[in-house]
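So this first bit is one chain, no partners, the form predicted alone, shown in structure tokens.
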Amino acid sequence: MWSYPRVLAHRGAGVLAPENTLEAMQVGWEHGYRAVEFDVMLSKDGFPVLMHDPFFGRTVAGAGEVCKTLAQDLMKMDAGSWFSPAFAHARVPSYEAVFRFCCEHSIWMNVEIKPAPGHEQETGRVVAEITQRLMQVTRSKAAAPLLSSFSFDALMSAKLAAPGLARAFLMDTITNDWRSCLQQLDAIALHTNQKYLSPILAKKVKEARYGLFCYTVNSPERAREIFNWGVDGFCTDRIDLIPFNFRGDKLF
């Protein structure tokens, strides 16, 4: 049901570095983390890059959209100054560059497929195909990546393109059709917002023999609580407060 690390660095390094950058992956690794979650979106020319928001303005300055910008232009954009002048050199990275970095450092990846509106199927297919190709040409001691998404269509497309890759369905709140969605996607896990999870819902998911993963847990106390409910893992922004080898009962 869940054979992966239990604690992941959210978007690379949480609050310690600009999200979804190579610099964030480096900071997470320096803090001992060997498991990360990050977002992948397609450029105008169908090239996968790390990005959470479909529009510029938060982590990348200016106006515009990721899906309407060529990859070569995206990867020149400043993705770090918004966070701190110390990261002014950070740029929007390609998925392949981050994948290779993680493989070289034995970092396990939860790859969230984050399609821009209207690009769900294409994004799922491209990310799955490239993930499968990169797995064949790189070596890593970490387990194969897990693909996740809020988009049912993106995950279904990923399933058709690379059925051998593990998938997890993301739901902000767990709706009544969760089991049907997981079955259709042949997913191994349900990922959900820890704010809306309850012991009863957690028990139902675990009794159905699915992995259960939460976002975003930022205190050891909350982590212990949901672990006691049967949650298998979570991602955190506070890699400075929650060590990578946190198990819930004690800190190692």
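Note that the coordinates shown come from a computational prediction; the quantities given were computed from them, not determined experimentally. A residue's number is simply how far along the shown sequence it sits, counting from 1.
A second form of this protein, the form predicted in complex with a small molecule, is not displayed here; the remarks below concern that form.
This chain lacks the partner; the member of 170, 116, 71, 134 within 4.5 angstroms of the small molecule in the model of the complex by a non-hydrogen atom is 170.
Only one segment in the set 182 to 190, 200 to 208, 60 to 68, 36 to 44 has any non-hydrogen atom within 4.5 angstroms of the small molecule in the model of the complex, and it is 36 to 44. In the model of the complex, the small molecule sits beyond 4.5 Å of every heavy atom of residue 222. Although the partner is absent here, residue 101 lies well away from the small molecule in the model of the complex, with no heavy atom inside 4.5 Å. The small molecule is not shown here, but in the model of the complex it comes within 4.5 Å of a heavy atom of residue 52. Interface residue remark: residue 215 is counted as part of the site for the small molecule in the model of the complex, having a heavy atom within 4.5 Å.
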